[in-house]
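To begin, one chain is listed below as structure tokens, in the form predicted on its own.
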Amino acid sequence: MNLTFRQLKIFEVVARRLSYTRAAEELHLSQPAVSMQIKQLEENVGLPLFEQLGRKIYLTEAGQEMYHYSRSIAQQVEEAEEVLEQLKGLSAGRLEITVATTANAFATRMLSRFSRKYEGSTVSLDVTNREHLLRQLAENEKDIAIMGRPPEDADLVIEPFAENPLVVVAAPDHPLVGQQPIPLYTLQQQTFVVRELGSGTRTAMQRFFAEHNLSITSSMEMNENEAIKQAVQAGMGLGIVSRHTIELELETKRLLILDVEDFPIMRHWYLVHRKEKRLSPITRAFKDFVLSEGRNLISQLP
């Protein structure tokens, strides 16, 4: 076979996105250019790699095999690039980091402090939900992640670096504001705005109430912390969020923390990366920075 790396790269993106249009957008190419490269690759292989059913495309058996090898080759090229970056040193390093939405409030401060310390480095930050973050790690798209509850995965290195308290928040005019302390069972009479199923905050909340033999009522489910805060401010119910995500709302008194018995729910923030990942010098420097200074930086939040 007379294959080119360009063909394999384009094929890998089309196979991952299962769409010529979305692949063309990611690669910054025209759709005809992508289609032509795939056609040439199929001619070189001698087998169809995709089949179209209706308006959707699917990998053939040969396509699935080719996708496996194209991913492996792409990861080896990425590793080679990282090794070469190591030879350049920290001043020319690039850090690819993904952060859970709940950690964005303090992660940007950390990166600002880190970037001042390593001025020649380049940092790429992606703020996303838990599901997408884990997919990025699984597909080796990011160097390192900051998140709450990590999965129990033997292929990941997981290191806690700071506490992450979950608190009950309410609008300033909520009837429970000012009561001290609020009995935990009182929350059964309240309505909550909650995160989506599978989120770390939702899981911790459910486990906490189950351990106390309590059940709560939810009026709305949202997949972003920002939406939860806005809904609570609008009086749609109480919320349970990380204390580190409501700095601005507390300063402006748009949200208040309720003094509820047995709260906060204490969790942790974690640094996570793949076990077999060869960390570049800039990634190792960031990891050391967070493990040594992360707790203090978070404690400085108002």
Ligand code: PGA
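Since the model is a prediction, treat every value here as computed from it, not as a measurement. Just count from 1 along the sequence shown to find any residue number.
Unshown form predicted in complex with the named molecule; subsequent notes refer to it.
Heavy atoms within 4.5 Å of the named molecule in the model of the complex are found in one stretch of 134-142, 210-218, 228-236, 98-106, which is 98-106.
Proximity to the named molecule in the model of the complex, taken as a non-hydrogen atom within 4.5 angstroms, holds for one residue of 267, 243, 277, 254, which is 267. The closest non-hydrogen atom of residue 148 lies within 4.5 Å of the named molecule in the model of the complex. Mapping the unseen interface onto this chain, residue 93 falls outside it, with no heavy atom inside 4.5 Å of the named molecule in the model of the complex. In the model of the complex, residue 199 approaches the named molecule with a heavy atom inside 4.5 Å. Residues are counted as partner-facing when one of their heavy atoms sits within 4.5 Å of the named molecule in the model of the complex; in 119-146 only 130 qualifies.
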